[in-house]
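Take a look at this single chain in structure tokens; it is the form predicted on its own.
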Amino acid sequence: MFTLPESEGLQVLYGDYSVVMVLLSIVIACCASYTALSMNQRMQQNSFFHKSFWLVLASVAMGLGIWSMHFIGMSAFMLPVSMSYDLFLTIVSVFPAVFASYLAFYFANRKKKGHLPSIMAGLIMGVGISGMHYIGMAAMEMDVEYVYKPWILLASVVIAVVVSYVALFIFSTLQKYMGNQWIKVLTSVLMGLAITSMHYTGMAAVVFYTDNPIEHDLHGMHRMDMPLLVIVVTIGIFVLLAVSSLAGLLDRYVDYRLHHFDALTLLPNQRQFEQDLKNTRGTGSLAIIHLHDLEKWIGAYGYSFGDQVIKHAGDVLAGLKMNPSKIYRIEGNRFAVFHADERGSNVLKACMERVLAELKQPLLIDDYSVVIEMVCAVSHSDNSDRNRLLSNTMAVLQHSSIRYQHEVIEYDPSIHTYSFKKQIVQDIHLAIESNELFLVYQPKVWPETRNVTGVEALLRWDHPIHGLISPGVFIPMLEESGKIFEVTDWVIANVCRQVSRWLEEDVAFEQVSINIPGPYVTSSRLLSVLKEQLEKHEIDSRYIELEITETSVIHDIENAITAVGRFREMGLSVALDDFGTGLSSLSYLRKIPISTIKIDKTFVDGVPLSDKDSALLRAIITLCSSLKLKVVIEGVESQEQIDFIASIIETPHIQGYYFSPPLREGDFAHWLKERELVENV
């Protein structure tokens, strides 16, 4: 195997390489590596398919690329003898490459980063490449013999291992940047070089010889069916790419359906409703149907009964033939119908009256005949007040005069707005005393490590009459009446209490952000409340971050600068919320001693489809990072947005439904435990 026999008639044969075929083999290796890395990248993303699916696809792509490169490289070597290949060994030779690729990617994808996993992955990949090569060499059938130069053979294996290690270490370490095409291309080229360098070094280790005279057949080396090889490789790679593309499309479709449609009625959900309402231009009308006391029927007959009630109501609404209307299920017991027609207010109201008349009929479910009480609120907007369309409709539903008698009630500003506002302001003190107010916490995640780097405390109100009232409805009312300061004090006290409890329970929350209303930022009362609560609960100020809005301090900028300076002296972090929505953002960055920038959701919505929005977001992140400011992006919801953000070198922190909606304190702790279990698998 390593020694030439002693023979007087021994003839050593030398071959030449076809430069074109050599270049083709290198291109094949690099393209296969790029395809494998792209598929492997899907393992790091939320997917309808299990991670093992993408791991197997990546391994097959890599193994097929190594196998293809070898035989194309062999076809580039011209010997003056005829040659063919043993079909069985040729097929078998692909398995070491696929298996080694699987193990290498498995080690490279482990959560624990460092040199050891990369060394293991590089060793496995190098041995797999070498194994494939030398099994492929054993498949050769020709009229000459060959031996190996041991040191060059060993060098070929070492080269394969070392270059594989470098490529996989770069891949493992810079995995968060794999959305950047240049880094992925660089890694693919290194992987391709690992394959080709091993092959051609291994070929240099071979010495072909014969004892018999031979007839020169310069074209015999190509007796392997090259068209068949090209067809097999092309079909294999095409199938892999097709499966990957179809799986990716299915992923996006499933993700869209899960996030934007209700599973029971198959109607668009609240998230889609809010998105459509936000994108509305011009006038429109909105109707919301509220099914009353649904919980009572569920308690009496079970959840299946409640689902059938909802399904029936959804089917009746889905039967509407009124264009251009769109129907949504926005809450457990509420449906919305949006009609984007400036002349559609009366049409929508008449249509809702017919729907409620049909829903008023007794409903037979599981031999039970029931009549579900309900009401429908309708409001109309023009260009000047379309942003208040939802709040006006909700004001009707939340008004104390509402009776659930299958009526369609149109919004009347003289009745609903004033009475509702007055009741909200009057009820806030009772809400604080009766624990109607509660906090939810939305995590902030750093995508590089997927670690939770903080949470934002968000206020919610479960009113005994009106149910859950949207913060967008009651907070402006409290601000207008001056009651928001008392509520903010309540929030600060409860956040400090929660922080103390989490510290005792060893919950990994890092920091909690509290929203501070504009006029309260410069108040000396706020400073004293913060000091009092921090001392009372014996917690360090580093666990608290204050969020102030850019627009809220614009009219009192000098006092705001002084106030923020005092907060920073206390050791508190200060975030500038809704960055970019005001008029003088850049001057604020220079003047106010803030520690964090929160980029508003409006800058993310168009990413990455809009080149302008993408370029603007990238520029804002780069600017803020250069000023040593922590950057948090709000409202991130899709995988495409995550991929784009991950491709930015200055990785920001992310807050949005992609990772988690706002959670109650117990749900947040449970969510953290589930993440730990998933990451440790």
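Computed from a prediction, not measured in an experiment: that's the story for all the values here. By rigid core we mean the largest C-alpha set that fits within 1.5 Å across both forms. Sequential numbering from 1, following the sequence displayed.
FYI, the form predicted together with a small molecule isn't displayed, but the following is about it.
The small molecule in the model of the complex comes within 4.5 Å of a heavy atom belonging to P662. Looking at S345, you'd find every heavy atom of it more than 4.5 angstroms from the small molecule in the model of the complex. Contact check for P517: a non-hydrogen atom falls within 4.5 Å of the small molecule in the model of the complex.
For R501, no non-hydrogen atom is located within 4.5 Å of the small molecule in the model of the complex, even though that partner is not displayed.
The partner is absent here; in the model of the complex, the one residue of L589, M322, I475, I298 having a heavy atom within 4.5 Å of the small molecule is I475.
Only one of K483, R252, H260, R460 lies close to the small molecule in the model of the complex, with a heavy atom inside 4.5 Å, and it is R460. Only one of 466-474, 330-338, 402-410, 560-568 lies within 4.5 Å of the small molecule in the model of the complex by heavy atoms, and it is 466-474. Relative to the superposed core, V631 undergoes a C-alpha shift smaller than 2 Å between the shown form and the other one.
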